[in-house]
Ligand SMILES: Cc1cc2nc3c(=O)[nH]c(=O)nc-3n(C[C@H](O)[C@H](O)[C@H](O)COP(=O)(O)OP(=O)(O)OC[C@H]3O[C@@H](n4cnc5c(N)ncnc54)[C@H](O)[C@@H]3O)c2cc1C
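Have a look below at one chain only, the form predicted on its own, in structure tokens format.
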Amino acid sequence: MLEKRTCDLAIIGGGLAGGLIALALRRQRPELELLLIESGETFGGNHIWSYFSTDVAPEHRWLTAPLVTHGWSGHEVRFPGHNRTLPDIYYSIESDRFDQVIREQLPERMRVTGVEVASATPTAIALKGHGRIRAGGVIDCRGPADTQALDCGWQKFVGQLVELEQPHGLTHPIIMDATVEQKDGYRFVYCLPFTPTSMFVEDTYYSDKPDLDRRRIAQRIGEYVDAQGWTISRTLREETGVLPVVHGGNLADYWKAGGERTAKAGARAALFHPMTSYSLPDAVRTAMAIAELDDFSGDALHHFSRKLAGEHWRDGGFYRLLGKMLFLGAQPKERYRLFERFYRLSPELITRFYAGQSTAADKIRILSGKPPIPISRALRAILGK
């Protein structure tokens, strides 16, 4: 019975961040009595997460390997000025598989679904209609807190997994097809060829506003598929998302908005790539770092996660600078030019960028040369004017 439960560590939120922490601890620290609490009926929700092989350190790849459902050698980008195929290995994880692995690796007593958390402290959780859980420590991974403390643009999307009447002919993903009409900021279409006749197609926008017109964007997906000469026989699933692209703000205020003294991970700790909203590399690194701790008390976990978030915020300054240039310096219909120029750079620089591990030389190279937006607007964006 949940009303009388105690555990060593309770993890709130069974999405990517919380699920990876639970999986890492289950293998590395099997003596811990864990409890993973998810408000939905399945772990991972309704998502597809994708990443480059270089996003995950070789010594950490055991954590993601059982989750992968698809992989490709190489991927393509398309812009009005150039097309390019890059050699990096690219993987996708589907939430159905994520849920399956968690249920296989965590005993039934360690996982709870369909239960909402009313409130949390560093050592206790109040459940809606199910009493209270006492824990040695608590980690909150429930997704973003109140983003009013952050200066954000938004990456928003609708994605559909579709079955086609005939083979599509793609051998690797199209990560960005920005040859489409530019609307509502920087727009591109993302294609993952899962089987010869099934394709995940996502219409994505780097927009100033978080509002999402699902019906209109779904219609544009159909128009894109038609333009490629493909015919949809049925739509298998659909997902949507509105993710913050952070280019400024106050981390301390954001942290307080999610519960000042409670440990956090994932988006609730702002542990995602500021420019891309890309979360898997940080989720893996966070899970592995937590699995190496000796003290899982509420205070120790809070101190550790707050320090981790602070270091990540500091290291993300360059990416927030680029976000200012994108959202404050570039006119919406010109934003694709920044990405078009970026994708002319070396493949190694691009993969380090996505992993959030750009070197000093990378940063100089990204900012050097003729800027794709007027210098006066870029400077005003950098200065916050």
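Note that residue numbering follows the sequence shown and begins at 1. From a predicted model like this one, the values you see are computed outputs, not experimental measurements.
One more form of this protein should be noted, the form predicted together with the named molecule, which is absent from this view; the next part is about it.
- Query: With the partner absent here, would L150, H247 and G356 each sit within 4.5 Å of the named molecule in the model of the complex, counting heavy atoms only?
  - Reply: No, because L150, H247 and G356 lack any heavy atom that approaches the named molecule to within 4.5 Å in the model of the complex.
- Message: Please identify the residue among G298, P193, P274, P281 with any heavy atom within 4.5 Å of the named molecule in the model of the complex.
- Response: Contact check passes for P281.
- Task: With the named molecule left out of view, choose which of E76, D184, D88, E239 has a non-hydrogen atom within 4.5 angstroms of it in the model of the complex.
- Result: The residue in contact is E239.
- Query: What stretch, of 37 to 45, 315 to 323, 62 to 70, 332 to 340, brings heavy atoms to within 4.5 Å of the named molecule in the model of the complex?
  - Reply: That would be 37 to 45.
- Examine G143 and determine whether its closest non-hydrogen atom to the named molecule in the model of the complex is within 4.5 angstroms. Contact check for G143: yes, within 4.5 Å of the named molecule in the model of the complex.
- Does the named molecule come within 4.5 Å of any heavy atom of V162 in the model of the complex? Because no heavy atom of V162 falls inside 4.5 Å of the named molecule in the model of the complex, the answer is no.
- Item | the named molecule contact in the model of the complex: D208, any heavy atom under 4.5 Å | Heavy-atom contact with the named molecule at 4.5 Å: absent for D208.
- Item | Partner proximity in the model of the complex: A17 to the named molecule, non-hydrogen atom cutoff 4.5 Å | Close contact exists here: in the model of the complex, A17 approaches the named molecule to within 4.5 Å, heavy atoms only.
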